[in-house]
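Shown next as structure tokens: one chain only, the form predicted on its own.
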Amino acid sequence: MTSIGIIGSGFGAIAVVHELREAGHDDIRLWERADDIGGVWRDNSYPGAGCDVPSPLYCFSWAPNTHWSRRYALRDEILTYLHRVAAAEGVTDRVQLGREVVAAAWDDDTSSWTVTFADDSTQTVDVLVTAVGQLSRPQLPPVPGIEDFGGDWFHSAEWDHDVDLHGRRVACVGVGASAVQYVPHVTEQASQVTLFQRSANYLLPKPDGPFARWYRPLVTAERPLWWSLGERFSLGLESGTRTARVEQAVALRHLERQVSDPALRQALTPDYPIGCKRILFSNDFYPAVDQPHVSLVTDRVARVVEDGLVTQDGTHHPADVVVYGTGFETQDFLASIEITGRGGRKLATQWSDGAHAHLGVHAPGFPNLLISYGPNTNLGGGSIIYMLEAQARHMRDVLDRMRTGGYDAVEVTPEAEAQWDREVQHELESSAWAHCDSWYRHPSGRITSNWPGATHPYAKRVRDLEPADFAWT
């Protein structure tokens, strides 16, 4: 029986385990670096942490959740759901906690992967699946003096709940997806809040609210509606479309209605086409910013000093606490794990100009390596779980063919991978993401994170395995 090792324990890993077990693949083990499962929903516990995807759509199609308490679920409910599904799918019993993978090397002679952990121990498997996600390693800004700050400071993805914000001066560096959720809670506690904004975001109203208890079992009936709206929303990520113009008008009207000060409203108005950077959803961020004890700073932070931050214009901004909502190592793409393929090839070297993989799953030169949530499979609209399920079904098809054909190894051909990459990059040229810099782009200029369009075309593309795209040995 083929042995399968999976790095990670979030949505992607659970999707893979479900599909493989359904097909009779049972020699599965998972490695999780933390002391609990859950991925980003385990790590991100900041106040207000929640999902931008409607709850009926943010669950597995084969494990609908009838316990959601509101239309946009918060972090604790999502983590509870993950734990419940993981237990039902056999993930909990198979996961090895506190096992950080630092390297993996392919052996041609044995057609297997040797996986090395932080404690220098190793394990060997026939097939290696990476399910570490695209947003798993917090990133601090490249600003001098961070360690010199004399007060409390932390990254929003590593929220220090022992730090009391009541009556204190809090500086929030970065005003992105996480900050939009936690800033309203910070402003309720702090005596003074200073927001350091590098660029403004488009915010859309969030049709949120609690579900009546009697309605919760019926929530799953909303799933087709939200999926359809998500597919249509993705059309707004194509430059110049009518959908894009409507979305931009709604976002600017939302800003106008919620921010009374013209100067503040101007500072919060993006200077790029909608969709170029991540579109956010919030009903309470703008009112939180439009308060007397909150100030918005658009000058870049030049350095951190013992009692605050200094911006490029020389202004000193005093603070007792600094929260860095500065995102993640978005171009990491497995760079934190030294992956060595056929002939000593390094994945980090192959991806030095930006990650790329056939279907977002296969890298040439790396047999029996399957990537969940890989390059160009992130979304600007819709639910990533839909993509993860499609990838998991594809992985099952690959392993099924290996089993029935008696193959020891499978590897995508360089030609198939290159053709796929050309098609994806061509489609991305007409997307809104091509018109500004964002975390979707590699420093080389390649858009490495996102899929160009709606989710259904991707699921359709990976639905039928094309054996000719691979070398089977």
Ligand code: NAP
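Residue positions are given as counts along the sequence shown, with the first one as 1. Small disclaimer: the values here were computed from a predicted structure and weren't measured.
Not on display, but discussed next: the form predicted together with the named molecule.
Looking at 26 to 34, 407 to 415, 424 to 432, 49 to 57, the stretch with residues near the named molecule in the predicted bound form, meaning non-hydrogen atoms within 4.5 angstroms, turns out to be 49 to 57. Between the named molecule and the residues 259, 79, 177, 297, the one pair within 4.5 Å by heavy atoms in the predicted bound form involves 177. Contact with the named molecule in the predicted bound form, judged by any heavy atom within 4.5 Å, is made by just one of 326, 194, 123, 220: 326. Contact annotation for the candidate site: 135, 198 and 439 all lie close to the named molecule in the predicted bound form (heavy atom within 4.5 Å). The closest heavy atom approach of residue 278 to the named molecule in the predicted bound form falls within 4.5 Å. Although the partner is absent from this view, residue 234 stays clear of the named molecule in the predicted bound form, with no non-hydrogen atom inside 4.5 angstroms. In the predicted bound form, at least one heavy atom of residue 139 sits within 4.5 Å of a heavy atom of the named molecule. Not displayed here, the named molecule is approached by residue 181 to within 4.5 Å at the level of heavy atoms in the predicted bound form.
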